[in-house]
Each structure stands twice: as C-alpha cells, then as structure tokens.
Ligand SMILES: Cc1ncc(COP(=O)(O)O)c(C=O)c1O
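Single chain ahead, by itself, as structure tokens, in the form predicted on its own.
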C-alpha cells in the first residue's frame, strides 16, 4: 500500500483528530465512509464556542437554546420558503433522538414502519431495535424515484408511520413536489404519521431545491414530524443539537405529556454554535455548497473516464454518492477489497436488502484527498 501522494499536511491534520471518521481504522487508510465533512467547521460556530470558553460560561445556560426555535424558523423561511410556527418547535439532542422518541410514543411493537430503501442504516436499527416491523418500499433504481403505486401497495392494516429522509441518504435525491405529495396522500388515506428527516436540506446542488414536507399540502403539515439540524451543513455532528416541528397534533400531545426531563436538554456549546450558524452562516455555507458540487462533478468525471461501468447516478443533494460496483465483479460486499487498497467506505448492505455490491462514498474533503480516494478505487477495480 503506497503512502498518500499529496496534501500531506491536510491528511496529517485529519489523522490527528479523535472523531471516528479518521481514527477508527488507522493511519494507512483513506476515510470516505461516515457522513462527516473533512472541512473545518464554520468559523462562526468555532467563534461562538470559543467565546463560551473565554467567558468560562459553563453553568446552567438557556440563553442560546431559547433563541434556537426562532432562528430555525427564520432560517427555513429564508432558505426554503417555510416558516414553522415557533410554538410548534421542540429541541432535541439530535435527529435520531427525535425519531426514536416518536416511534416509541406513537407506535406499538409489531406496528409497521415504511422505509424508502436503500436507506440510512440507523433508520433500520430504530425500527428493528424498537420491536417494530420494517416495511420495505424500494425506490426505483432508475433515478431513485418514489413510485406512488409501490408505496400504496406496501401499506397494510398495522402500518403506522412513513419514515423518510429528504434529501435522501444514500442516493442523494432531492424529492420532487409530486413525490412528496404522493407520500402525503398515502399517509392521509391510511392515517399515517410522516417522520421527515430533513437534515440534508441545506446541501442541495444547483437545480434541485429542497422542499420541506410541511409545504406540500395542509394535510401533510398536519401529520408530519419534521426534523433538522445544522450538523451536516456546518459540520457540527458532535455538538448534538436538533429542532423538530411537531405538525402532528396527537404526537405533539404525547411529547408534551412526558416528564419534564425525559428529553434531556441541549448542551450550551451545541446551542451556541447552531444559533451562530443559523444567524450568520449563509456566506460560509454558499461557499461550501459550491465546493461540494465541484467535488461531485469531479468524481462523476473521473468515473466516466476511468470506471465507466460503475453504476452512478449523479446526486441532487448531499455529499454522498451511491455507487454500484457489481459491474466490476464485486457482487457481494466490496468493502473488503477496497480496504485491501487502503480505502474505507460505507458498505451498501447496511442500507437494506438491495445494497449488496453497492457502496456509499463521501466526497466532502479536499480535492487532493478525493483524487487519492478515487485512485484507490481504480486500483481495487484493476486488481480484480
């Protein structure tokens, strides 16, 4: 295995971090798996946390947390044309915290939860570990579009929830209005709760706007739990701060009936950093989006030139890329072969039954590191 050929200082910085992306597997590997960006967090977030440290302000503190609902509503209005009522917003430690609690409160063991597969692996674990029943609704692999008839066909008498993420992880789809309306209509017809994880909503590529589920129709707004965070857009995953819109009245009542500390509370650094990003982070995020689109296009160009048989549909959002390596002879899990060439990616079979032979590859890094990642992918393909 050859050493990294370029951008050594950046690679040294990444390998000095204690986050799991670069520390889990050792210094000889290039990490393109977990959905963290290699870019430094937004400077406004760093400054907000540094100011907290400089003030030695580590006591009980609700100052930033109390401002987050209004800041989130304003951010959504400015960027996505949706201004959720502040009094319908609830704070959580992260998106999965809200999802787990919603499933626990709204469903019973054996109830059906529809997932649009392939899907983010913690969604699968949330359903299975809670004793709920996973109902598979596969997206059409020709464009990863949602087919309304397929969705309708999988719903049964014990289905209670459609759990989705928009934009979609791992395919990078930014669902169109008609696809979201199909989800809303099916949910209305069968009295289902919609849980919409919209954590990737700020990271869309040109020509693919993010459409919040509650904007699709009044009926959608009245039966959807919409969850988001600054963590993907501004690289703050470890600060664990999220906001949820309680559009579903029955679910909102169940949350409101919980003991006062059942949901925990936000850490002050997470609240301060998130508030700073939603208040003053626009310019930085615009620059990051341009970089991520350039990275996506660079990957697409190199794959077209060097590995044209790889199945790849250019994502409309996120910095994740869903690649079919079966045409390279990697019929089963290809990650072992890639690891032998020093590349760590997310294995496709973690994303559901249709993922064998696929990988999820993260391009939120520098151009030299991305080129080294693609080089190792090409080497693994050539090795057979």
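Positions refer to the first chain, counted from 1. The model shown is predicted, which means the values in this text are computed figures rather than measured ones.
From this point on, the text means the form predicted in complex with the ligand, which you will not see here.
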>> Check residue 272 for me: does it contact the ligand in the predicted complex (non-hydrogen atoms, 4.5 angstroms)?
In response: no
> Is there any non-hydrogen atom of residue 96 lying within 4.5 Å of the ligand in the predicted complex?
Replying inline: yes
>> residue 169 versus the ligand, in the predicted complex: is there a non-hydrogen atom within 4.5 Å?
In response: yes
> If you check in the predicted complex, is residue 202 within 4.5 Å of the ligand, heavy atoms only?
Replying inline: no
>> So the ligand isn't shown here. In the predicted complex, which residue out of 48, 64, 344, 35 has a non-hydrogen atom within 4.5 Å of it?
In response: 35
> Heavy atom within 4.5 Å of the ligand in the predicted complex: which of 240, 210, 106, 132?
Replying inline: 240
> Looking at 175-183, 307-315, 214-222, 88-96, which one sits within 4.5 Å of the ligand in the predicted complex if you count heavy atoms only?
Replying inline: 88-96
> Does the ligand come within 4.5 Å of a heavy atom in each of 111, 160 and 195 in the predicted complex?
Replying inline: no
> Relative to the ligand in the predicted complex, which residues of 151-165 have a heavy atom no more than 4.5 Å away?
Replying inline: 165
